[in-house]
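First, one chain by itself in structure tokens, the form predicted alone.
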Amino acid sequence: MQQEIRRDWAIKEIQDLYNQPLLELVYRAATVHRKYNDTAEVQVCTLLSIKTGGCSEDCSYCPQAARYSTGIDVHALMKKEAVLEYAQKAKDAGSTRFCMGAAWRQVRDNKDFDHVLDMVRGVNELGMEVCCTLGMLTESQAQKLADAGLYAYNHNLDTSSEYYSEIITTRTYNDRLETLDNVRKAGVTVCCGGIIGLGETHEDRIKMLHTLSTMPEHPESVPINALVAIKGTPLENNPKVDIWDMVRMIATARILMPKSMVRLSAGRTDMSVAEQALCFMAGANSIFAGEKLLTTPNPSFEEDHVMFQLLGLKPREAFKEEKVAEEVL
């Protein structure tokens, strides 16, 4: 019998979960994971930067912020044909979700947005779950994306509300929450998580997990990113995130949000297969595949295929939730 999915977690409860001995935490998370999910199944996603660099935001970790000198070249919005060609290659390599990222502060109602809507329709026609991360959205823009066939929208909280202004000053935490609310109203699934290694405390991580796990609906996808320190950004000298911190975050997220896809995201290039296996055991059931995560390195499709074979993992099919719901009806 599955326990009821809770959205009323108290900070103290999350602290107690997060701070318990690591092996006990992993065992508990793995037990929850097995109850709610097919543990041999991992959602494979590909992320493409369709408009790179020149962003007006000041996110301290981001190489695409115009105010930092990081060696990232600014590229205008890609052509639809090139994006669909990349999406087809990702699909052929085993990806079932394709995410398009644009380095914008917010979406504007202009020709570029019309082109993105066209891309969304095109990727949707390939039979892939299509996701976008484009910055802040209004309710009407979220609805336009939904009407074009958008399946998911990524908009990370990054960290706790208390620490947020230490990392970003050009927008507020409430701006983030408002966009997520607009996405929900449009009936699009939510992809929302955070980054560890920004200089935050364990308490900040716990508070971020509290915000995510007490939303009216848990995000369907929760990316857990390890900071990739980029030369030229304010956080370029931050120490590498310890693997045990990643495992602890993933395990806690899995217990709090049993049915969410917990995504092992940025920082995977620095992890061995054994370390990634620990993350899967702790409840991660989604990865980004392909050579790049927007502008930072990522393991290749071939490397991931070898890892899947070794660990006995298989890619999750696209639109699985909807197919299961249809079978029930």
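Just so it is clear, the structure is predicted and the values come from calculations on it, not from any experiment. The first residue of the shown sequence is 1; numbering continues from there.
From this point on, the text means the form predicted together with S-adenosylmethionine, which you will not see here.
**Student:** State the residue from Val120, Val228, Leu137, Met128 whose non-hydrogen atoms include one within 4.5 Å of S-adenosylmethionine in the model of the complex.
**Tutor:** So the residue touching S-adenosylmethionine in the model of the complex, by this definition, is Val228.
**Student:** Have a look at His155, Arg205, Arg248, His218 for me and say which one sits with a heavy atom within 4.5 Å of S-adenosylmethionine in the model of the complex.
**Tutor:** It is His155 that has a heavy atom within 4.5 Å of the partner.
**Student:** Just one of 81-89, 207-215, 155-163, 111-119 has heavy atoms within 4.5 Å of S-adenosylmethionine in the model of the complex; which?
**Tutor:** So the stretch in question is 155-163.
**Student:** So, Tyr151 and S-adenosylmethionine: in the model of the complex, are they within 4.5 Å at any heavy atom pair?
**Tutor:** So Tyr151 does not count as contacting S-adenosylmethionine.
**Student:** So in the model of the complex, does Asn124 come within 4.5 Å of S-adenosylmethionine, heavy atom to heavy atom?
**Tutor:** No, no contact at 4.5 Å.
**Student:** Quick one: is Ala266 in contact with S-adenosylmethionine in the model of the complex, heavy atoms, 4.5 Å cut-off?
**Tutor:** Although S-adenosylmethionine is absent here, Ala266 would touch it in the model of the complex, with heavy atoms inside 4.5 Å.
**Student:** So, Val188 and S-adenosylmethionine: in the model of the complex, are they within 4.5 Å at any heavy atom pair?
**Tutor:** Residue-level check for Val188: no, no contact with S-adenosylmethionine.
**Student:** Within 4.5 Å of S-adenosylmethionine in the model of the complex, which residues of 191-217 have a heavy atom? Give them in sequence order, or say none.
**Tutor:** The stretch touches the partner through Ile195 alone.
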